[in-house]
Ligand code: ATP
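The chain below stands alone and is given in structure tokens; this is the form predicted alone.
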């Protein structure tokens, strides 16, 4: 579904990504993890077309993304920090994006919009919202257009426990619909119930890409945080995960 071939990216002599090769399929929930500065966000931005790699190519459904920009219609993206026009109302934001996407109203997914009671904030301006509420808006927008691919950057950051559980439940439901979900998070406990595969990046390099059962079997650890710590200590003791 997404094929990444020999992607490299350098920023002012800092190697953000170093010859990354990955393949992601339908039905996977892939956790992208690693220390700060490991290249997770750069990789996501390359997939989204927001950053151009220095070398390599990315394909979605066998099509190179640089020649097929319409692939973005298949992606729902939840940024770590959602930035929206301060004076825009919540209702206006949703209407604007629906108008821009020209989506079939019958195919829109309002589940998180309703679960988070965002209709009660329809007239609220974005600058008046708390950080957690802005996260709810970002989550609802990511799922709204019923995309085949979901890219969620620190999705539970700033959410209250109930909202976090609602979002995790929604991620599991969408994965079971045979969609592809890519998630970054420093809260590894949030990932244990969600992910099927783990990508670990370190200083721009791909350290490993394994399915969760294999990682647990190789390390003899069931908890994701302990499995990763065990693997890194045994195989590549570079630095601890932040």
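Numbering follows the first chain given and starts at 1. Just so we're clear, the structure is a prediction, and the values are computed from it rather than from any experiment.
Keep in mind the form predicted together with this ligand is missing from the figure; the text below concerns it.
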Based on heavy atom distances of 4.5 Å or less, which listed stretch (170-178, 205-213, 34-42, 64-72) is in contact with this ligand in the predicted bound form? 34-42
Just to be sure I understand the contacts: of 163, 133, 80, 146, which is the one whose heavy atoms reach within 4.5 angstroms of this ligand in the predicted bound form? 80
So, residue 23 and this ligand: in the predicted bound form, are they within 4.5 Å at any heavy atom pair? no
Tell me, yes or no, whether residue 186 is in contact with this ligand in the predicted bound form, where a contact means a heavy atom of each within 4.5 Å. yes
Is residue 16 close to this ligand in the predicted bound form, meaning a heavy atom pair under 4.5 Å apart or at it? yes
